[in-house]
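The chain below stands alone, shown as structure tokens; this is the form predicted on its own.
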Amino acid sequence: MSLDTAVQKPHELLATTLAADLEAVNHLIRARMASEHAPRIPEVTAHLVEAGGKRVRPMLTLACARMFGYEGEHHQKLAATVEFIHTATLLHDDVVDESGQRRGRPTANLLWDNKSSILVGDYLFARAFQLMVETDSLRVLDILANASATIAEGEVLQLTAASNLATTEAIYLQVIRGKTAALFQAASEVGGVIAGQDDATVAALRIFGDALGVSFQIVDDYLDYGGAGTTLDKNVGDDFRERKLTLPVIRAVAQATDEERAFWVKTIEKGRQDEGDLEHAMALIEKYGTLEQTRQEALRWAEVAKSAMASMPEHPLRDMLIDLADYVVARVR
């Protein structure tokens, strides 16, 4: 599937199909981000929530519930929960990363301050747990609580692994499972749980969400080094400048000569980057073919996601979710 030829992109088709549910979710979000005593909370939250995000994660919950004929309202509460968790992590991440821009707009920590971003993020986590409890499902609570812990764990692991050349592919995968895939996985899984599906079906949804999230992040890491089809919200080489060890670099470091390793130590571990270093890094990545290997990894994970979703009963929403997995990797085909 080409980004240029798709008449309606899969996430747009999902949004159209789930329009009534999404409207209810947005109403819930606006209602629950309100604060009688601290008006800064809805101000900061609205800045991110209403910034034009695609709502992919909450749509996974809605679609995975509706796919099995669920007719209640708990899936809407869980979708709002997922969006609150996602927004809270973005607020915290922008402080940790000292970011100044997200989705083409100034970050909340830049417009307000770090304290506001952290505390409002904490408030959203609390609201998320209130919404979870309202579903009266301990299993749902367990899934989303574990996801929240995994996200935090992944961010802390990234702090220690980001600029360490000893970081392995296994650690890299653990990081991206925490920072990205955990919420994709939980969002998909709770949709099946709330719809009363059996363990085998919920396990397949878990695999789908995990693989979709891993593929999503690997694509992002691929595009950061100028992969084909790059139309970036960030500049090529941001990960290099921020000294983040992603898959293209990890594999290049693993094969490096002594001279090449000294270059990686200088630029990544020690953070001494000079003019032309990004181009040299990209040349080394090209030398060992690790950008192409990263592309293949993204495609492989997308196939895992599609295979898991294909095991679900026939349904238009199932097909849209399979198309979504294709769409995630469309930029690297």
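Quick caveat, the model's predicted, so the values are computed rather than measured. Numbering starts at 1 and follows the sequence shown.
Below, we turn to the form predicted in complex with another copy of the chain, even though it does not appear here.
- Residues with any non-hydrogen atom within 4.5 angstroms of another copy of the chain in the predicted complex fall in just one of 205-213, 189-197, 129-137, 249-257: 129-137.
- No residue of the trio 243, 292 and 333 has any heavy atom within 4.5 Å of another copy of the chain in the predicted complex.
- A single residue from the set 110, 236, 145, 165 has any heavy atom within 4.5 angstroms of another copy of the chain in the predicted complex; that residue is 145.
- Just one of 74, 179, 92, 86 comes within 4.5 Å of another copy of the chain in the predicted complex, counting any heavy atom, and that one is 92.
- In the predicted complex, another copy of the chain lies farther than 4.5 Å from every heavy atom of residue 307.
- Another copy of the chain is not shown here, but in the predicted complex it comes within 4.5 Å of a heavy atom of residue 115.
- At least one heavy atom of residue 123 is located within 4.5 Å of another copy of the chain in the predicted complex.
- For residue 40, a non-hydrogen atom is located within 4.5 Å of another copy of the chain in the predicted complex, even though that partner is not displayed.
- Residues of 140-161 lying near another copy of the chain in the predicted complex, listed in sequence order, are 141, 142, 145, 146, 148, 149, 152, 153, 155, 156, 157, 159, 160, the criterion being any heavy atom within 4.5 Å.
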